[in-house]
Structures are given as C-alpha cells and as structure tokens.
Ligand code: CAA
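Okay, so here's just one chain, in structure tokens, the form predicted alone.
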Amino acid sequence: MPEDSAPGIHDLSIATTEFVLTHETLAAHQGIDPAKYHRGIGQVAMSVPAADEDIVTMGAAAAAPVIARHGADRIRTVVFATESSVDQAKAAGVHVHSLLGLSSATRVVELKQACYGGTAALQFALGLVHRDPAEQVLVIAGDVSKYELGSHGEATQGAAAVALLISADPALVRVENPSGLFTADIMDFWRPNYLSTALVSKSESVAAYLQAVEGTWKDYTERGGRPLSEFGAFCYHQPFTKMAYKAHRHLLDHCGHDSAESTLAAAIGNTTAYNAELGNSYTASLYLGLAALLDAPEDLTGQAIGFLSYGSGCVAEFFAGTVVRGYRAHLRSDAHREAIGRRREIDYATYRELHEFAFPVDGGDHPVLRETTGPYRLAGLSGHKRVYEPR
C-alpha cells in the first residue's frame, strides 16, 4: 500500500482523573527540594484516581467524544491496552463497550505487554483496517501507575487514557512501514499477580530502555526505514519526561548526530507537556506525547514523526508516521487542556488514603462514594462484580 494511502490515526482523545497531587506537595511531605522532581525527572504533578475511577471510566471518557464525532457504525473492533487490568479474564473494553452503547456485532479484546501494549493495539488495528478498509477500529490505552509509598517510583505515578480511532483514510497521522522491533527477557520492571504495586530496578530499567532504542533503530534501518535526518519530531514512551530526553540523546549519539540541548528541545520538547502534568500512564504515555505534539502551535503538516514505544520486560518498537494535511481542524486541543486543568488538587493525606484504598474481597456489596465529576464512574463492587454507571 502506498504511504500516501496508508491507514493511521483518524482521531485522538485523552482523559484523566478527578484529582491531582503536585510534586511540590509530595516534596514538602518528604522534606526535599521540589527541584529534584521538576528538574531531575521533569515532572510537576501526577494524576490520582478517585475511589470511583479506574481504567474503565477513563477509557470510556476518552472514547466517548470519538464516538460522538464519528458514530460507531464502522467500528467492529475495540482493543483495550493496559497493564492495570480490572479482571484476570474479562477485558476492560467490554465494560467500555457497554457504557458507550456499542453494537453487539463487535469484537473486544485486551492486550498486555507493559507500556508497549498501546502500540501492539495500534498495530493490531492497522492490520484489521488494511484487511477491510471500510472498517474502523477503536483503540484505548489506559493505565494507573502505582508504586509503594516512599519508593523510587512513587514520584513517577500517574493515570490517563487515550482513545485512538484507526481508519484507512486518517485525518491526523498516517502510520508508515516498516517497524523496527526488539525483545529481550529482562526483569527491569514487573508486577506479580499478588501485588498491587509495581516493582522496578531503577538502573536496569534505564539501561534496558536505551538498549531497546538501539535495537529497534537497528532493525528499522535494516528494513529500509527513513534516515534520522528526515524526522521533524520524535515521540518517546515517557515513564518520566526526562527519560525522553535521555533516550533521544542516546539515539543521536548512537547515530553520530548532534545531541545539543537545543537539538533535543526542537525534536521532543513539545511532546512532554501533558506527561509532565499527568505522570506516567504506561500504555497511554507515548500517545499523550503525540497529543501534546499535535496540540502545540507549530504546523507539522507533512512532517515525519518517529515513535519509540517501550514496554519493560522488554518489548519495543520504532516506527514512523506522517502528519496529514488539514490535521489541525480535527484536533481536540481545548478539550485536552480542560481535562488536565479541571483536576482538583489534593493534599498528601488525601493522596495517601486514595493510594491505599482497596475493595474488600468478601464478595459483599461495597458501594463507592461519588467523587468524580467525569462522565462515568465505578459505582461499587457487588458479588465480586464491578458495577459501572454513567454520571
């Protein structure tokens, strides 16, 4: 298929939580200088879910505007990528399918491979659209990142969801071939079934990420990908925003290119705006970077964007996309900024209470107080079943 007729991202919508904890508040509790977070990892705040919010409510909130704009007649597949699954068997997307009132003639699946899952879902969707260009696929990537209180990962926590509508004639970004792939069996980050918080080896995780940058780029170039000089911008998975800078500097150095701060800022500076405010959203992180890039004032028409998707464990992919002419008319910039700006700031005690919240496991009826003002909420647990409702 010629690149100018390749499928890609037709619409993009983001959602996040009701509450926000600033890194100033976190630093004050810890008795440290907030610059450790602001300058050290590039984070200023983290989204915190209310007790009646989770990946389903965020995913439905992200997807609802897409359905409202385009309808659902052409959507026969919903793919939900997450590592914050609410059930070991049932896909979170089935709950979203119900909340959005989608047709029963729909396949719904959930994909998992750490933070790479969103890109796996995108590639799955592109294949389906390539097979039948009349169809569209709804991809949702959403997560709540959670680490132990006082751990190295605590300051990188966050929560968000991104909904992507994949179409044969995209209005935003055409996704190109080839892809560069890399997999290695590395225990840099993981969460066993019996834990509610993730485990991470800080130094090994950074090293594994950088190894994956080299590995995906090698495979991408060997398969005839674009030269580095053709890219106008790069979107990286951002476990914290300074990691994007570290990764791009590594790629530039690896390829023998200039890696001055001004070069880095020009290539990825606009991609970090949303992640710095929301924190790490795992599968959604890369595509929040794309949303921030497209929402920035610079005109990207016709430019090639490089995407580096990394999921610990590890699986990674490098691929390219081209920004479609007229894309600005299809953006949701105001809605995205409103979603981030509407969050209510909480103090450390409230954050700690929400962090430690967990449902009883006795199978009883456990309603949840109404906290969120978003369009969908988790009403409670009854007979081990999660109950969702529109607000």
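Bear in mind the structure is a predicted one, so any value in this text is a computation, not a measurement. Each residue number is its position in the shown sequence, starting from 1.
Form predicted together with the named molecule: not shown, discussed below.
The closest heavy atom approach of G153 to the named molecule in the predicted complex falls within 4.5 Å. At a distance threshold of 4.5 angstroms between non-hydrogen atoms, C115 is in contact with the named molecule in the predicted complex. Contact annotation: P170 falls outside 4.5 Å of the named molecule in the predicted complex, judged by heavy atom distances.
Heavy atoms of R325 never reach within 4.5 Å of the named molecule in the predicted complex, leaving it off the interface. Remark: of stretches 333-341, 30-38, 360-368, 58-66, the one touching the named molecule in the predicted complex is 30-38 (heavy atom within 4.5 Å). Contact with the named molecule in the predicted complex, defined as a heavy atom within 4.5 Å, is made by none of N177, W217 and F307.
Of the candidates F189, Y274, Y236, F318, F189 is the one whose heavy atoms come within 4.5 Å of the named molecule in the predicted complex; the others do not. Checked against the named molecule in the predicted complex, the residues F240, Y245, F182, F124 give one hit for a heavy atom within 4.5 Å, which is F240.
Residues N280, Y282 of 280-298 are found to place at least one heavy atom within 4.5 Å of the named molecule in the predicted complex.
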